[in-house]
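Just the one chain here, the form predicted on its own, laid out as structure tokens.
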């Protein structure tokens, strides 16, 4: 029996796969990819769930991939070398991503990622990017160029902030 009351309860609730696709599509690391290519990338990501207070990764851990936040909040933190106090670098929320440098470089993490709320992420790892690059070079090259562009933008912002700090009192 169809009931208008029961038929509409879940109408606006999106499936997990639809939310994953939307998050991938909106992450500028995947700019320029067609829907078919985005769906291929979606087969290469991993849903990860973290509790409040849980680390996604800690500073100095080997970098192995990036994360897109589906739901929740992540603080990027670093410890002050003098007093070991944690310094908040930024807070990231739904739709934002972090850790993308590790797609290109296996160097240790430069900061820690701590969940300040229950958080669900999509993990996209270096090994998967290398697999995509081997199997579908055009998709892989688009992603690598996007990573390079994003890192360049972040480096320019950092350089400007450093310049402002160095010339603040002059």
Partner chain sequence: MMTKNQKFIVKLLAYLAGIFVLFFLITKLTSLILIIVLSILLFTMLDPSVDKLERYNIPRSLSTAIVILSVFLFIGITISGLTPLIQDAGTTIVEKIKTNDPNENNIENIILSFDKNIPFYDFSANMPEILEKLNPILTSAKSKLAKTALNVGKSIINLAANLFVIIFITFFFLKDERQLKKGLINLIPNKYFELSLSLMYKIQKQLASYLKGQFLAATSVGVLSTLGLFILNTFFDANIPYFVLIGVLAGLANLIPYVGPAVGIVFAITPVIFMGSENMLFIIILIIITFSIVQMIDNVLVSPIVVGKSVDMHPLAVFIVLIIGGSLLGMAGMLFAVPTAGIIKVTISEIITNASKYKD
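Positions refer to the first chain, counted from 1. All of these numbers come straight from a predicted model, not from anything done at the bench.
From this point on, the text means the form predicted in complex with its partner chain, which you will not see here.
Visitor: Taking 4.5 Å between heavy atoms as the contact cutoff, choose which of 141, 110, 64, 26 touches its partner chain in the predicted bound form.
Guide: Only one listed residue qualifies here, and that residue is 64.
Visitor: Work out which of 44, 38, 70, 101 lies within 4.5 Å of its partner chain in the predicted bound form, going by heavy atoms.
Guide: Exactly one residue meets the criterion: 44.
Visitor: Applying a 4.5 Å heavy atom distance criterion, does residue 137 contact its partner chain in the predicted bound form?
Guide: Yes - in the predicted bound form, heavy atoms of residue 137 and its partner chain come within 4.5 Å of each other.
Visitor: Flag residue 49 as yes or no: does it have a non-hydrogen atom within 4.5 angstroms of any non-hydrogen atom of its partner chain in the predicted bound form?
Guide: Heavy-atom contact with its partner chain at 4.5 Å: present for residue 49.
Visitor: Is residue 30 one of the residues lying within 4.5 Å of its partner chain in the predicted bound form, judged by heavy atom distances?
Guide: Contact with its partner chain, no.
Visitor: Can you tell me whether residue 145 touches its partner chain? I mean in the predicted bound form, with a 4.5 angstroms heavy atom cut-off.
Guide: Judged by the heavy-atom cut-off of 4.5 Å, residue 145 is well away from its partner chain in the predicted bound form.
Visitor: With the partner left out here, which residues of 102-132 have a non-hydrogen atom within 4.5 Å of its partner chain in the predicted bound form?
Guide: Heavy-atom contacts within 4.5 Å come from 106, 109, 125, 127, 128, 130, 131.
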